[in-house]
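In structure tokens, the next block holds one chain alone, the form predicted alone.
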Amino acid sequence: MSVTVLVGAQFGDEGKGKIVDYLSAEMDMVVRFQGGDNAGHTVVNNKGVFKLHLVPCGIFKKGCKVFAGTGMVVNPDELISELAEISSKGVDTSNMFVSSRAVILMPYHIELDNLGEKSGASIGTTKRGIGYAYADRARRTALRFEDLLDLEHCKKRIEKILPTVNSELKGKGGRSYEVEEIFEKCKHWAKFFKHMVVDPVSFLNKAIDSGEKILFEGQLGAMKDIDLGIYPYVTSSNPVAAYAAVSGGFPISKITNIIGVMKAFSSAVGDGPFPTEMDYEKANGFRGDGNNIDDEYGARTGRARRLGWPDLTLVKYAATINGFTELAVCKIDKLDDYEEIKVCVGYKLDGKEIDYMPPAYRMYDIEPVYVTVKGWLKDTSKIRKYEDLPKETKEYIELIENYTGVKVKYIGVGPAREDIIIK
């Protein structure tokens, strides 16, 4: 039995797509276990450059099953479009499956999200409707993929749901939706997805019990977790390792490995506290000009990311709540030109060092405690063996290990699958 969960150790955008793509070569199944198309995992391989928003990264391995799990909210039109784009590059997508219990993200969810962001209560969402789809799940007014398997039942659900939806839209100044308009979409989706929809509990447990190697792929990062992150500047789901088991319907004891992915520096998209953030201009050494695939711009939004010095206090918190067995450190090469690197190893609040993660509104008052380490001023992008790294790079890796208590196994030195060092 081999069940690996891979999650972000910061605010998201840590390089998870690259690590999942690398690990997928050994997997029988890759599962996305939460989130929607509000974020993207960038994969660079011999088929091209792909920014995946709903399709798990294992799609590129021949014979590997990929599964959109129960914890996701899925925009069917986006998934159809993404699969078509991948297929157009010669990639077989016949092994794509969708949980019957995954929530369908509707056009009116997107409408509500856009209206909400215009209302003055913005938290910097991607306006993809994710939060509203999750809200409907909690209110028990969401449609799920299982509803597409019985269109008569599906239409009755739409008729019951739409009056409340239209009332909310009207209150926000939006348009109304007709039953037939939504039902026509559902009929189209039913035809496309019917062969992909499976019962998630039996599907996953049979695979686990038969000894398949399975990788659960998280979206975003620990600090965006709705319960444990920088609330309210968070996503609407739980991008932590335990949720892979919760949403998958299998015992957490069956997870054998938990990989945390961190970037060698820090980044964030959207609003919220960011203790080690740099001024925009100062961060340009990390950011790039947008012409390279690994420059610091959002895979979904294209927005320039907020950037800062590495924050090990935050990564240690992520290790605590996830139980990392290994770390992957991506984009080490982005530090190649720095004479000195400031690394946050503690937080002060009201003049005193603290050993907990304070509420988001108090994180704006945090004073980071830094240590300064020597940079290496050498090109690491062509290095493939740990022993060949500069002494200062290895010292930085060792600092990460010693502070977080987690061994680093994977070191990313570029955007492509092969740009990696196994320690």
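Small disclaimer: the values here were computed from a predicted structure and weren't measured. A residue's number is simply how far along the shown sequence it sits, counting from 1.
What follows is about the form predicted together with guanosine-5'-diphosphate, which we do not show.
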property: is_contact(G40, guanosine-5'-diphosphate) in the predicted complex, heavy atom dist at most 4.5 Å; result: yes
property: D294: touches guanosine-5'-diphosphate in the predicted complex, heavy atom cutoff 4.5 angstroms; result: yes
property: Contact of D333 with guanosine-5'-diphosphate in the predicted complex (heavy atom, 4.5 Å); result: yes
property: In the predicted complex, R305 touching guanosine-5'-diphosphate (heavy atom, 4.5 Å); result: yes
property: Option from 333-341, 186-194, 277-285, 313-321 whose residues, in the predicted complex, bring a heavy atom within 4.5 Å of guanosine-5'-diphosphate; result: 333-341
property: Contact set, 18-33 vs guanosine-5'-diphosphate in the predicted complex - heavy atom within 4.5 angstroms; result: K18
